[in-house]
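First, one chain by itself: the form predicted alone, in structure tokens.
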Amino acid sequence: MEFSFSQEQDMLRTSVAKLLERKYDFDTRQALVASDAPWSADVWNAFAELGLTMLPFSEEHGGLGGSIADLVAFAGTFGEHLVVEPYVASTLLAGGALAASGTPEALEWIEKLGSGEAVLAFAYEEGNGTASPEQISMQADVSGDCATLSGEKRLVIAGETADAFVVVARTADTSKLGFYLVEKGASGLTTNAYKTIDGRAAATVRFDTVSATTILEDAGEALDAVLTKAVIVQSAEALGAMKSLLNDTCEYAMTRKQFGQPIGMFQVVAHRLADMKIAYTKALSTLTYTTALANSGVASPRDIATLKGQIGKLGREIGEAAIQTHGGVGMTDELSVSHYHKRILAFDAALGSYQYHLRRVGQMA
């Protein structure tokens, strides 16, 4: 089993890294988050020009046929720069659901998404992390290709400005989970926008007997596949944030002096840095192994739960150690440390916390 990136994947990662180095330094990112803009349209268009928004889709659907390893190859750079653009939510979750449907209308939206013309939102979360699809309670009254949706979705990334929503709902008569498409401005659709703790644009979306198009009525298996891919790529983003925290903390510990020597020379700080490096190495190893399994089509639900649990747990450990080493300044908005930690916490809360997934690992043993 191959555990290293190919030359093409390394080139892709380098291209994305150079783009973000030019357009997404920390001060620029902070100004963007503080503005009224949900994300940078310039950066989103640059993603489309690089082919990132078409990479996950098959050639049959007009995409580039990229693998999960291709996505993981560059996703870490998103975490290193704390990007707020809704790549996972729009391209992997919403776009992945459309690709699973394969209907003509779904393919039209994939084309718009891939060209950068449209941004989609994935309406899945209903509260408390919605760790399992079994917790979805939103109802869909289905009649042929049409449906009526009633209920509320929370933490819908890009929910305020999305051109369309892919909604996960349960049919009232069969209790099957399905994918339903709702276009922006539909009657009965209301949004309450806000920024998440890590700076991303999100919204609570209310559906009051909203008319929708059924794109996949029985989407149980497709939903599992879409969530699996999102968890792996989001884990790669989190690992990028962990890498930046580790590097910044090591640099700080070797430049910040007390009693005439760097604080990194003190035993307690040196041990903390060693623990951070061990935690990062464990997280990297878990991601690499799981990506290789998924790339070969043999990743099990237990493998995905292990990855999600490890990334969440180890990420918290690294973030807390970074703040502890920096002291009070590590809690301020002026330093990147707190922002990396908040991104890791937000990722851990999404799609089930690390406690939930580690319990699942034990249950599936």
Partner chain sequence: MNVDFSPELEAFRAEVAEFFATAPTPAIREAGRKTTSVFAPFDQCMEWHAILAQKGWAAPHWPVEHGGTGWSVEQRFIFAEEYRKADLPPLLPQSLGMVGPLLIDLGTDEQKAKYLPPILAGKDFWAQGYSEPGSGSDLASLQCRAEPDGDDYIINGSKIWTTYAHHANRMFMLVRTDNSGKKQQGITFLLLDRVDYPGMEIRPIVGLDGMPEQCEVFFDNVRVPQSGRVGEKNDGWSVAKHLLKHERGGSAASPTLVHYLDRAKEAATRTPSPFGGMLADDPVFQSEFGELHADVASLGHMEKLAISGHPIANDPAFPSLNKTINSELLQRASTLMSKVSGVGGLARQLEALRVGSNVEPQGSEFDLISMPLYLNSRAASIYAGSNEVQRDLISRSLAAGV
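Numbering follows the first chain given and starts at 1. Keep in mind it's a predicted model, so treat the numbers as computed, not measured.
Beyond the structure shown, there is the form predicted together with its partner chain, which is absent from this document and is the topic of what follows.
When contacts are defined as a non-hydrogen atom within 4.5 Å, all of Ala193, Lys342 and Ala346 contact its partner chain in the model of the complex.
Taking non-hydrogen atoms only, Gly65 never approaches its partner chain to within 4.5 angstroms in the model of the complex. The closest heavy atom approach of Arg272 to its partner chain in the model of the complex falls within 4.5 Å.
Contact check for Leu50: no non-hydrogen atom falls within 4.5 Å of its partner chain in the model of the complex. Contact check for Ser15: every heavy atom lies farther than 4.5 Å from its partner chain in the model of the complex. Think of it this way: in the model of the complex, its partner chain has a heavy atom of just one of Lys243, Lys112, Arg170, Arg154 within 4.5 Å, and the residue is Arg154. Just one of Ile136, Ala279, Ala131, Leu287 comes within 4.5 Å of its partner chain in the model of the complex, counting any heavy atom, and that one is Ala131. Looking at 178-186, 120-128, 73-81, 207-215, the stretch with residues near its partner chain in the model of the complex, meaning non-hydrogen atoms within 4.5 angstroms, turns out to be 120-128. Contacts between stretch 259-291 and its partner chain, counted in the model of the complex as any heavy atom lying within 4.5 Å, involve Phe259, Gly260, Val268, Arg272, listed in sequence order.
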